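The chain below stands alone, shown as structure tokens; this is the form predicted on its own.
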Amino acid sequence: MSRIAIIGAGASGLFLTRKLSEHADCPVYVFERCRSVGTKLRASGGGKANIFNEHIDPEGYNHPEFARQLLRQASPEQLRQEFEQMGLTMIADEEGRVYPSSQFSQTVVDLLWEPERKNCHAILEHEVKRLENRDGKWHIDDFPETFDHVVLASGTPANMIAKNRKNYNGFLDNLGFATHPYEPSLVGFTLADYPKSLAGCRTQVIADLWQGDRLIHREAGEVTFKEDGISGIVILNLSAYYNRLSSKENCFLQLNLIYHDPQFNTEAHLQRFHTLKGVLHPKLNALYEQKPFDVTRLRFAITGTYALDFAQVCHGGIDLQEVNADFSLKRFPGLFATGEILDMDGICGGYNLFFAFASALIVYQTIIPKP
């Protein structure tokens, strides 16, 4: 009888716990540093839980080839079937983003977390500090039980304040994995010469990320001007591509404020009406009247991103060269890693939760193979 430990009760850990707990002869112990489970899952999708996307594009991840390999083993349709078998009903929007039909993330958490099952053991408010393999068994801190399989599903310190990030995932240190430092992704930009008068302005744009004369990524959507920078889903996606650059020098953001009509003639409009107040958001129009600019190419030099405290996910983690296709660690039998603890991050729209759930599903199928 295999005894399994899961370190982390986030999206990936909860999904795997639910699947494993369906096997009465398979004791599962879940170690979670917080007093409750699924903290980030409850906050995802604005509290609605965008659990995956029907149209996952491998290019939406920082490692497209690894994503292609993943999709050959676990597709969005397979994930839908898994959730349906658990009793979850779902809806999808025009972009293929899939949500629980309740439009409430707690529905997903409640479905995945069933600690009343006899073979499920919750060890909450326990931050794992040491993980060792001795005599073919895994030992976690001074916990009395030993384990045949351990799954690392503790995620990253994204959206955590500095004091809570201290020594996060410190149990990795003695294992000697190749890792990449955590950097904020899906996060707002800080900009040079930023006009604070725009704070509070929300508007639709076509947003470009440029590095020198090279277009890195273009996307249309809403942006939100903050006191000290710019955010919004379109900016979060651009930040994912920004964080994948080996050098971030000479990067700038370019906004086309006339997103709705590529044939719009600004000069003709001004000659007729002598103002753009019927075209631009009032705060943008005030800025234009103070110092006119090209409304199709409003540029800001990027000085960086907001801190990890404000990031939805992290760029970085365990190097993918350390894991096999089934998410087992190459140098440690019985050890697996799933979800954000790996150096794999995607754009907004269900990409990151899909990776968390899909990697957990593959580990489940490895530990409990089909008869």
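All residue numbers refer to positions in the sequence shown, first residue = 1. Because the structure is a prediction, the values reported are computed rather than measured.
Quick note: we don't show the form predicted in complex with a small molecule, though the next part is all about it.
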{"item": "Complete contact of Asp57, His63 and Asn237 with the small molecule in the model of the complex (any heavy atom, 4.5 Å)", "value": "no"}
{"item": "Contact test in the model of the complex: Glu32 vs the small molecule, heavy atoms, 4.5 Å", "value": "yes"}
{"item": "4.5 Å heavy atom contact, Glu127 to the small molecule in the model of the complex", "value": "yes"}
{"item": "Ser44: touches the small molecule in the model of the complex, heavy atom cutoff 4.5 angstroms", "value": "yes"}
{"item": "Contact flag, Ala358 vs the small molecule in the model of the complex, heavy atom cut 4.5 Å", "value": "no"}
{"item": "Partner-proximal stretch of 262-270, 164-172, 214-222, 188-196 relative to the small molecule in the model of the complex, 4.5 angstroms, heavy atom", "value": "164-172"}
